[in-house]
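The chain below stands alone and is given in structure tokens; this is the form predicted alone.
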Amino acid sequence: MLDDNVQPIPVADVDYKNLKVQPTPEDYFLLSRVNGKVTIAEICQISGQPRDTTHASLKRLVEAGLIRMPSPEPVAASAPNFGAEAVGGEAAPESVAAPVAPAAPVVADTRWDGWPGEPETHSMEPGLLAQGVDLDDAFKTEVSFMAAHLSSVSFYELLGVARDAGRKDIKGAYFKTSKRFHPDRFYGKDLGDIQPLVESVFHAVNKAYQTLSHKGKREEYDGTLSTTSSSPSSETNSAQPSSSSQAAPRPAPTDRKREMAFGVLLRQGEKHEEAREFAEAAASYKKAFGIKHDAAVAMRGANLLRRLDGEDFVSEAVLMAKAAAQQHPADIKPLVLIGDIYEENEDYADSLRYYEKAQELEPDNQSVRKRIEFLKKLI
């Protein structure tokens, strides 16, 4: 049994191609939490798995040569006085300090070098923290922190490697990081609104590896970094920009995160739509609209929902079309769509009402005029 007070230390410069033992994805998850500061007891809490399973994973990581277990540091204590008989008939001192073993060297956690802070200092949106019932808070905070700063760190910083890292180091860093955010690891789990953030980080990690592992792409990418280098000299120059060339303000981290999550949800919806999974596609579009009030996205979701049978789907379709109408009050398309939905469900009075609203905006629209004339004959 491992000592709960020990703080495992990651081993640097590991040859991932020749590991003595092949760790599992769960093992790599634990490896990502090892930084020389977290105790085994804390890792057991983070893992979300049985204690014995977590200990087995840590032992595999030790056997693989990825971490080491330093001896726990003894705590100085007073030895009890056992009396004269204890030591050759002479009274022992009232208190004897136990020898203290030298502390194991602490390896600095360089994983977040170049990032604007660390996950522990990241202020996560309260709503997001409540999402992802199958995730621990530490992981939620980490992925939220990474997603918020993807556009402000380099590919090297994203993978946690130096600028002069070799292909072997880059591959090893990619393997470890991508395993942590791979969709397969979360199969069947409820991630809530954390899911698009996880996917955005995973795609960014893949792009970083594809770029840095290809000589030509890496050289081209390094060239772009050299023009935006944050060296002390360039920081000094950029701190006092000339009045003729002011840099455009970068979007706030929250705005970047929202744009990123919006894009991920949009792509999810498109994939579901291609697979004719209309309910799932509409759900993704609805979430995307909640992040960014894009009328076209709301219309897309409403048009999908109207194809499905069921009163709930009809109500959702109308609500999404109304949301689009609120975003573009001068556009008749959402109003016509609402009229169509009501008409298809034989709610002719409401259908007529929305067609008439559309006619107020475009009195010469012949299609709307014909629908109104037809419905007035039915009512």
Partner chain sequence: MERVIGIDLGTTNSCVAVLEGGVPKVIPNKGGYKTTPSIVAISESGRRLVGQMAKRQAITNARHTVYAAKRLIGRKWGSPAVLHCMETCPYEIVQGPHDDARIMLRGKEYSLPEISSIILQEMKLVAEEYLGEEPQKAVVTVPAYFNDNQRQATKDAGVIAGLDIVRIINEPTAAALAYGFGKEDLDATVAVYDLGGGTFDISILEISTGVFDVLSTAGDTFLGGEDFDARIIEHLAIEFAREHRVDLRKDEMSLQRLKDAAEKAKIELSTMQETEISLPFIYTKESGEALHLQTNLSRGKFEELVADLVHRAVKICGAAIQDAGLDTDDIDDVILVGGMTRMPRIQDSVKEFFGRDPSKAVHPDEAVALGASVQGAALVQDDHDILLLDVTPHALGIMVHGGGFQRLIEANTTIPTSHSHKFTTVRDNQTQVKIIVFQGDDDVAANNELLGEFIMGGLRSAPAGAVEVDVTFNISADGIVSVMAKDLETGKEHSITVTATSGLTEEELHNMIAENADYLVALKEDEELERERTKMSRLLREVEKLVTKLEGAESVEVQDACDGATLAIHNGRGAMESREQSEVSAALAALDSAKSMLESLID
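Values in this document were obtained by computation on a predicted structure and should not be read as measured data. Residue numbers count along the first chain shown, from 1.
Missing here is the form predicted in complex with the partner chain; even so, the following discussion is about that form.
For residue 171, a non-hydrogen atom is located within 4.5 Å of the partner chain in the predicted complex, even though that partner is not displayed. Remark: residue 115 does not count among the residues lining the partner chain in the predicted complex, judged by a heavy atom distance of 4.5 Å or less. Although the partner is absent from this view, residue 166 stays clear of the partner chain in the predicted complex, with no non-hydrogen atom inside 4.5 angstroms.
Using a 4.5 angstroms limit between non-hydrogen atoms, residue 149 is distant from the partner chain in the predicted complex. A single residue from the set 262, 202, 139, 155 has any heavy atom within 4.5 angstroms of the partner chain in the predicted complex; that residue is 202. Of the listed positions (144, 178, 303, 268), a single one reaches within 4.5 angstroms of the partner chain by any non-hydrogen atom in the predicted complex, namely 178. For the partner chain in the predicted complex, the listed stretch (156 to 164, 284 to 292, 271 to 279, 186 to 194) containing residues with heavy atoms inside 4.5 Å is 186 to 194. Contacts to the partner chain in the predicted complex (heavy atom within 4.5 Å) from stretch 190 to 223: 202, 203, 206, 207, 209, 210.
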